[in-house]
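In structure tokens, one chain follows: the form predicted on its own.
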Amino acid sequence: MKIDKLFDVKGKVALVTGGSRGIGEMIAAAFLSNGVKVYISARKADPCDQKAIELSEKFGSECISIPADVGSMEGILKLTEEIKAREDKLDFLINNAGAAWGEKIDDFSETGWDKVMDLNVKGMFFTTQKLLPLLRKAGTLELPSKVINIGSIDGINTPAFENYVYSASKAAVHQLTRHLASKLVRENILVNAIAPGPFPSRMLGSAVAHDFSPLEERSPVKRIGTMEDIGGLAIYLCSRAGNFTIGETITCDGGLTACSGHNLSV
């Protein structure tokens, strides 16, 4: 029951998709701070490579860049084959890569719909599928491997913005999490989801013109999320402390969902 054992993740190997910025970077940083070897992927190669160098130097742990677009099967295969060539097992898979698309309902495009669904749902499923051999090798009854799917409170509440496909895709992520969990728990692979509220990111910033103060004011805790908030939850789920939490979608939103009756969704 000692904290240094209960939440220990040192020596593990993780992949964080969309790990070069935003929530993915925060989770990668939390892992690296605690001795995890972390692979990060992102669609743009140069920022991903630079971020891996920056995080390695900052936290004194190994962060490796594998640029890939997990919105396509070609990109998924490139990423997963590269991981398999470097590692014989994978302890943690964080399916964080995602996209949003906002348009008025009368103008909402098929292009936007397909892009978001392909990345947020299809990409998540097939990345997990292709990495199952490594997750199976890592997982034991006492120390299961872990998959965390990043959903959103927009897949729970009714969003304020016209991001129809984003909210639909994140609701799908939450249900996919439960379905995967029910199957993979028998193979010592535990699957859960996190549904974040507002965290500083380029995606959220573009929706609010990078002015987070209105979101902070509407939040019950009067702030948006930090690395400690999302990173701490990821460490909990991936450590021994999280071994009896399976198939859950855990909100990490400063109380926005609990107060959704006050129309505080973002």
Ligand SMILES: NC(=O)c1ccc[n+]([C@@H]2O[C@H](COP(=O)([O-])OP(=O)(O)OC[C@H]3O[C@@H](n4cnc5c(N)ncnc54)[C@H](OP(=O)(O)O)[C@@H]3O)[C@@H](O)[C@H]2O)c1
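Only a predicted model underlies this, so the values are computations on that prediction, with no experimental measurement involved. When you see a residue number, it is the position in the sequence shown, counting from 1.
If you look for the form predicted together with the ligand, you will not find it shown, but the lines that follow are about it.
Figure note: of the listed segments 65-73, 231-239, 52-60, 30-38, the one touching the ligand in the predicted complex, with heavy atoms no more than 4.5 Å away, is 65-73. Although the partner is absent from this view, residue 247 stays clear of the ligand in the predicted complex, with no non-hydrogen atom inside 4.5 angstroms. The ligand is not drawn, but in the predicted complex it has no heavy atom within 4.5 Å of residue 218. Residue contact with the ligand in the predicted complex: residue 97 places a heavy atom within 4.5 Å of it.
Under a 4.5 angstroms non-hydrogen atom cutoff, the ligand in the predicted complex has residue 44 among its neighbouring residues. Along 122-154, these residues reach a heavy atom to within 4.5 Å of the ligand in the predicted complex: 150, 151, 152.
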